[in-house]
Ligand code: 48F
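Take a look at this single chain, the form predicted on its own, given in structure tokens.
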């Protein structure tokens, strides 16, 4: 039996993490936000061989997915997105015509497992506090530890580059807000009140580039364009991520 040396354990963690972070300094796509749209976008980009780094400010990924509807960890997916569940091998049940239910935990687990297996570079507990813009194009994210950001400590950040930066931060559209503030461009109309039927269609059709080099997916799309919110139905989130990936792949 191997003797467990605590220093070797610490060394293994530090060396592995730092090597992975160094490899993530230059990217084709950087996705900010590990919710359903961000994870779906990563999945379809990785399938096409695009290098992807995902930045999540929280301890765990999933965004609103893990909480389901009012902490019932079940989510509804409409028929238009069922093929994605099948592809991810996520079990689901038909509730009634056009409505299907699945475990939010199973969906989150499948997205994470598939992405990591394909080589996703994933970093949690890191906050994007600014963007890098050159020649009127977003070319990178300015990052720091979430704990540093929350404690308001004066610690200088680091930078990772991106050809495509994706705002998948949800309702707040945090990255688009940063770009709006720094460039003085009017980019955000603000999210509207709930209307699931309308929102589920618009979140997909509205997915795309909002500023050179900056794309919006998921609820960030609704905040940018003034679309309504939709609650715990997640087909639109998955389809938005898939559409986002297709747009980036086409642009490449």
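Positions refer to the first chain, counted from 1. Just so it is clear, the model here is predicted, and its values are computed rather than measured.
Note that the form predicted together with the ligand isn't included here; everything after this is about it.
Taking the partner from elsewhere, residue 140 is found to have every heavy atom lying beyond 4.5 Å of the ligand in the predicted bound form. Of the heavy atoms in residue 175, some are within 4.5 Å of the ligand in the predicted bound form. Under a 4.5 angstroms non-hydrogen atom cutoff, the ligand in the predicted bound form has residue 230 among its neighbouring residues. Among residues of the shown chain, residue 62 is one whose heavy atoms approach the ligand to within 4.5 Å in the predicted bound form. Residue in contact with the ligand in the predicted bound form (any heavy atom within 4.5 Å), chosen from 32, 52, 224, 214: 32. The listed set 94, 171, 86, 182 contains one residue whose heavy atoms approach the ligand in the predicted bound form to within 4.5 Å, identified as 171. The stretch from 205-213, 22-30, 182-190, 37-45 that comes within 4.5 Å of the ligand in the predicted bound form, counting heavy atoms only, is 37-45. Although the ligand is not shown here, in the predicted bound form the stretch 92-110 places no heavy atom of any residue within 4.5 Å of it.
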